[in-house]
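Next comes just one chain, in structure tokens: the form predicted on its own.
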């Protein structure tokens, strides 16, 4: 085990752990934001640059600082390393510039985007976005296309995080889409307009951090904060069958995979569970899903708070009762 200090908080972690993974062990605001890194997908990370941090001390053996900001998702920790995230003005300014860069071509269509309310780019813009941009050039525009029976691609919203490409590479037998061209005309698409048809293609929607890939069966039906996410499961021969049913009353509007506290999918689900099973009778409903209070989805969803007792037990009372 080695020790690393992030924003004046020291944590012990295994050798080979990245700075981002070490920060996740601490938790809270110390965790750098990540738009492209996905722990479940091999090779992800290092593309969006939103997780940049400052290493003010490389290690105990080499106390020199690293000359430039580094991507925390791909930089391994060393014993005695000292990292600055929110405590560094340089990191804050760099992150503001990165958010501005991500928003250069991103349209302001949050009011009509199905991802609104659970969009990582919205959260990032709220924390580090600028009121005005320094660019005057026209934004690139792409037509909205169907890349399968269930998925619609809004390339105007894409930030080229590559997550959907990694999902297709690692979960399916044959990938039919990828990154085309270079420079400011780079896009995610299928070559010669082929359709994506495989049992796990719907997971591309779950891993997309913005509204570039949306569910055609849920398109424009409701806002996520009007729905109640319920943990459900079923016996499925293709996947784990563990999912989240977004319900309005007794009606299921959409099915998604379960995500952890970092917004990453716990178990990838098949298209049959996701798109074909919209009847509540198809599922075993476990109960309401826990919602992070900071999320806009928590609006009108209340949980009973367990207030600590104001009466402290007298020392030795429990032992006497035993």
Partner chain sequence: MGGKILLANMDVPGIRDFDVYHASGGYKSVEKALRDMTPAQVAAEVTRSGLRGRGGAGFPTGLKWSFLDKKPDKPRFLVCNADESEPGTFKDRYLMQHLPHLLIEGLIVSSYALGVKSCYIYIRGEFKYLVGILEKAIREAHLHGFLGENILGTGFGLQIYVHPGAGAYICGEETALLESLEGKRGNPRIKPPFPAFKGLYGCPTVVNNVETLATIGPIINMGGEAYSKIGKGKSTGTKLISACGNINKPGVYEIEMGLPVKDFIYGDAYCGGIANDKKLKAVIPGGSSVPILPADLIVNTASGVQRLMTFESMADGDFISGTMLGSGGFIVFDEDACIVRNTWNLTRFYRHESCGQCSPCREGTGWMENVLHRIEHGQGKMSDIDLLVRIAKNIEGTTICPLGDAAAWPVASAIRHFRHEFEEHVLHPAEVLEKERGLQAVY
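Residue numbers count along the first chain shown, from 1. All values derive from a computational prediction rather than experimental measurement.
Unshown form predicted together with its partner chain; subsequent notes refer to it.
> Does residue 270 make contact with its partner chain in the predicted complex, using a 4.5 Å heavy atom cut-off?
Answer no; every heavy atom of residue 270 is more than 4.5 Å from its partner chain in the predicted complex.
> Mark residue 237 yes when one of its heavy atoms lies within 4.5 Å of a heavy atom of its partner chain in the predicted complex, and no otherwise.
The answer is no: residue 237 has no heavy atom within 4.5 Å of its partner chain.
> Find out whether any non-hydrogen atom of residue 257 is located within 4.5 angstroms of its partner chain in the predicted complex, and reply yes or no.
Judged by the heavy-atom cut-off of 4.5 Å, residue 257 is well away from its partner chain in the predicted complex.
> Heavy atoms within 4.5 Å of its partner chain in the predicted complex: does residue 105 have any?
Close contact exists here: in the predicted complex, residue 105 approaches its partner chain to within 4.5 Å, heavy atoms only.
> Check for me whether its partner chain, as it appears in the predicted complex, comes within 4.5 angstroms of all of 48, 134 and 183 - heavy atoms only.
Yes, all three are in contact.
> Hey, of 80-88, 219-227, 136-144, 199-207, which bit sits against its partner chain in the predicted complex at 4.5 Å between non-hydrogen atoms?
Result of the contact check: 136-144.
> Though its partner chain is not shown, can you say which of 150, 128, 162, 246 has a heavy atom within 4.5 Å of it in the predicted complex?
Contact with its partner chain in the predicted complex is made by 162 alone.
> Among 119, 168, 94, 252, which has any heavy atom within 4.5 Å of its partner chain in the predicted complex?
Partner contact (heavy atom, 4.5 Å) among the options: 94.
> Going by heavy atoms, what in 55-79 lies within 4.5 angstroms of its partner chain in the predicted complex?
The stretch touches the partner through 68, 69, 74, 76.
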